[in-house]
Structure formats: C-alpha cells, structure tokens
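Form predicted on its own, single chain, as structure tokens, below.
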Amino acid sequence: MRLLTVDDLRTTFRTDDGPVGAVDGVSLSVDAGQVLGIVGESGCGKSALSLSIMGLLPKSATITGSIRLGEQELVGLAGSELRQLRGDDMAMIFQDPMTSLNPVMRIGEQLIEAIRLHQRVSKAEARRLAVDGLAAVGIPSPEDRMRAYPLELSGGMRQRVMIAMALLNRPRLLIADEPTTALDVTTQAQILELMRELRREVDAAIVLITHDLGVVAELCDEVAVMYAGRIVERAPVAELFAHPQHPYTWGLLASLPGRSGAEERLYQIPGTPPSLLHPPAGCRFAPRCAFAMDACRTDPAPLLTATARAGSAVACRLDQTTRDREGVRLSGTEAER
C-alpha cells in the first residue's frame, strides 16, 4: 500500500540574494513497510525535502506540488492538523538534537508530553513507556536519565533520546535525518534494529537520509540519489550498488573506502556542487561530469526515466550501453566481482 507520495515538489527559500530552490521538482513514493534511502552530498536538498514533508519549513519558504500521506494531502494543511499528524502518524529524527530538545525541560518531561499528546494514557503509564523507550535505545540507567536536562547528556546520548521520542508513538511514517551520525558502532546497530522492529510491528514506511552508504546497504530497500535539489537516480538497493546508472552515483560509490584498494587515495568528485541561487541551465552535474555533452550543458535536464535495469530510473542522456560499462568500471563495483 502506498503510504507517502511526493509529486513535483518544489521548495524555495527567500534570501537577501534571491530565491534558492532547495528542492526542485522531486517526485517519489514509499510503500508501507518499505525503507527508502536518500543519499547525496551536503547541501543537495535532502534535509529541505524532509522538512517539507513534515511541514516544518520556516516562513521564508514557499512550497508547491503535492505531498500525500495515504490519501491525505499535506501541502496547505492547517498547522493544527499537521501538529496532530506529527508524532502520531509521522515522526522525524532530526540531525541535531540540541535544536529539537527543550534545554529547560527535563528529558522525562519531554518524553511524557510527547506520549500524552497522542495517547490516552495516565501520567504514570506515560512515564513507564518513556523509561522503556530510553532503555530500548540503549540508554543506561533510564530512570536516572529521565531527571536529566539535555545539557547534562553527551551528544550521542541526546541523539538517542531524540530517536526514542520519535519511536514512542509507533508512527506509520518515520523520517530519519542522519540518525546514527553521532553514535558508536554498537549503538548504531541497536538503532537500526529498532527501525526494523518499527517496520515489522506497524508496517511503517521509513525514509532514511544519510551519507553512510553502508547503512543504506544494510537497511534500505530502495535508494534515491539526490544532487543539487533533484533526484538523479532511483533503484533497488542491490541494483544501485551492482549497476549504478548516473555519473554522480559512480563518484559516490568510488569514494567509498576499500573500493579502490587499501593503498590508493580515495576518489574525489572534481569541482563543487552548483549554487542553487544560479543553477546550471542543463544537467546540474554537467560541470563536474567527464561524460557531459553539449546538450547536457545547455538544454533542460532530462527527467527521471526508466532504464533497462529492473526498477531503476535515471536522469541522464548517456545510452544504456555506456551507463552499464562505465558505471561498473568507474564506481569500483568491477573489482568486487
């Protein structure tokens, strides 16, 4: 069952220098029980996309297009209705917990409030659920941590509190923005297992925003590769790692440690991402692409279209034969065969 549908989403921020199109024509869908990974460099629009879905954009932003949670349209929904959906039907794990936790409220008070806003339970039951939630994300002495203020916890501990808060009400849609960045490997494994449990228990859809392609390979069913506000490739996770179709994806995979040999320098994509104040006229990756043709630089960028690979779609003018040959060679997947 289709749970999240995003159609031609455009999110623009007003700045003193002019409008910045952080999300430009993004369309995607996620089914119940599916995990979609969104990857790309910093500044490519991943977080702006997630905030657009959650309805948490600042007043300087304008949004057009469609975002549907099940059959309910979220674009243009009243603030009170969005607040009811957030934390109940959909939740988000934010990248920076210090901007999300109230610094003058104890951890326990914030967790109990989040539970009682969406569940008809007593304060004592809410407290029990909050303690269980902290224990589930690997926080030691959860009863003691309930009395702590955010500043009394380490960065990794605060991140685990945010994850616990997002999972408390068992949302149908979970958006996780770099959820394991500040965590050690053991805790990261615990968090990924919690996401799997949420998926199994309530058939939740998960959108995982991350730089860690290892996490993507372990948890995701499909991957969308985002560059300069647009999705340039989408594919089942195994297909993307085995047969990447877009030159930008080739660069991301080639930069993974261990792909090129232990003694070789890691690959670096030449150049820098374009300014979204004045993006290129054609394909936004063309200035950094070794395969760019004249049309790539001047004509409107191609739309995301299906390839010969099962379930894969790409926004690129290269022919299928070239994409198959160079994708395997340049991404480093050739060495793994």
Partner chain sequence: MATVEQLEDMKTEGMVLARTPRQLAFARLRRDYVALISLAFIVLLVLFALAGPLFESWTGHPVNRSNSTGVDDYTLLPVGPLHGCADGLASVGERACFVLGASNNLGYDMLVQLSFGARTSLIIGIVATFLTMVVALLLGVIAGYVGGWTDTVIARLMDVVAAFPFLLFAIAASVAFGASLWFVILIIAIFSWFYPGRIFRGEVMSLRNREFVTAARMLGASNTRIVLRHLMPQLIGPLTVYASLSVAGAIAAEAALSYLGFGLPLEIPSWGRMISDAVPGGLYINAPFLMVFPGTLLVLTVLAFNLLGDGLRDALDPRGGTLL
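Keep in mind it's a predicted model, so treat the numbers as computed, not measured. Throughout, rigid core stands for the largest set of C-alpha atoms superposing within 1.5 Å between the two forms. Positions refer to the first chain, counted from 1.
Note that the form predicted in complex with the partner chain isn't included here; everything after this is about it.
113 is the sole member of 73, 203, 113, 193 with a non-hydrogen atom within 4.5 Å of the partner chain in the model of the complex.
54 is the sole member of 61, 67, 54, 292 with a non-hydrogen atom lying within 4.5 angstroms of the partner chain in the model of the complex. Considering the partner chain in the model of the complex, the lone stretch of 184 to 192, 145 to 153, 129 to 137, 232 to 240 in range is 145 to 153 [heavy atom distance within 4.5 Å]. Taking the partner from elsewhere, every residue among 87, 92 and 162 has a non-hydrogen atom within 4.5 angstroms of the partner chain in the model of the complex. The partner chain is not drawn, but in the model of the complex it has a heavy atom within 4.5 Å of residue 109. Not displayed here, the partner chain is approached by residue 103 to within 4.5 Å at the level of heavy atoms in the model of the complex. Although the partner is absent here, residue 99 sits close enough that one of its heavy atoms falls within 4.5 Å of the partner chain in the model of the complex.
Contact check for residue 118: a non-hydrogen atom falls within 4.5 Å of the partner chain in the model of the complex. Core-aligned CA deviation for residue 251 between the shown form and the other one: less than 2 Å.
In this overlay on the rigid core, residue 210 has a C-alpha that sits less than 2 Å away from its partner position between the shown form and the other one.
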